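First comes one chain, alone, set out as structure tokens in the form predicted on its own.
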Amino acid sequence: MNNKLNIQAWCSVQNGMVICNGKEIITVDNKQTFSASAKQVYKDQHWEYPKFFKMDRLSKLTFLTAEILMNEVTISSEEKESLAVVLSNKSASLDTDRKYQDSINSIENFYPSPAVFVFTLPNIGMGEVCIRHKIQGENAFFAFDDFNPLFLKQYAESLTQNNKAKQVLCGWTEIDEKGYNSFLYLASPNGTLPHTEESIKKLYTPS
């Protein structure tokens, strides 16, 4: 079995720009809120997935990045059974945690909504992606101080070398009060770009 991985496809959402495999998909006004930007991307891509509007901001960011990436590749139902997902960020679900805590602290509007509470875990967005694309492989979400390409490379390789997965959807999806950025890529035996720390770092780093 060939366990050598390449980067088959990638997508980034940063500074109001959505780029997939080096091609600009859409640019939105970077001064508008993330929610407005996400809605604009949704409409531009003609998606029909109303559940998107019930997601928290981190899940929306993860979902829209994955949605554009997955539309660029062909993965069979059988292959999705062995497709793993490994994501990471810095703030975990802090963006929604704050919103939920505010609803508890508010004397006038006390209402700790279950609909918000369900998103107080960072891996919920990853779950939304798996549900949408019927991905059944291993999945894990990690928190680091900074984007960690070496960890993603090594973890993805360990999954394939131990026959836990044949392909791995990897990346970083971060949102907080200061801004947002997301970068996902598909590590696969297909593709021509070697799955190296340098390649991952180069694709992630805004030009």
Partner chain sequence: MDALKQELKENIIEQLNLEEFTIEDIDNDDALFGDGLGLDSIDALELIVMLDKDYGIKLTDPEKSKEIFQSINVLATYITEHRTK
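Positions refer to the first chain, counted from 1. This one's a predicted model, so the numbers in the text were calculated from it and none came from an experiment. Definition used throughout: the rigid core is the maximal C-alpha set that superposes within 1.5 Å between two forms.
Keep in mind the form predicted together with its partner chain is missing from the figure; the text below concerns it.
Between 26-34, 138-146, 152-160, 53-61, the stretch whose residues reach within 4.5 angstroms of its partner chain in the predicted bound form through a non-hydrogen atom is 53-61. 113 is the sole member of 74, 113, 77, 105 with a non-hydrogen atom within 4.5 Å of its partner chain in the predicted bound form. Not displayed here, its partner chain is approached by residue 118 to within 4.5 Å at the level of heavy atoms in the predicted bound form. Contact annotation for residue 164: none of its heavy atoms lies within 4.5 Å of its partner chain in the predicted bound form. Residue contact check for residue 43: one or more of its heavy atoms lie within 4.5 Å of its partner chain in the predicted bound form. Residue 113 is not among the residues whose C-alpha shifts by 2 Å or more between this form and the one not shown once the rigid core is aligned; its shift stays under 2 Å.
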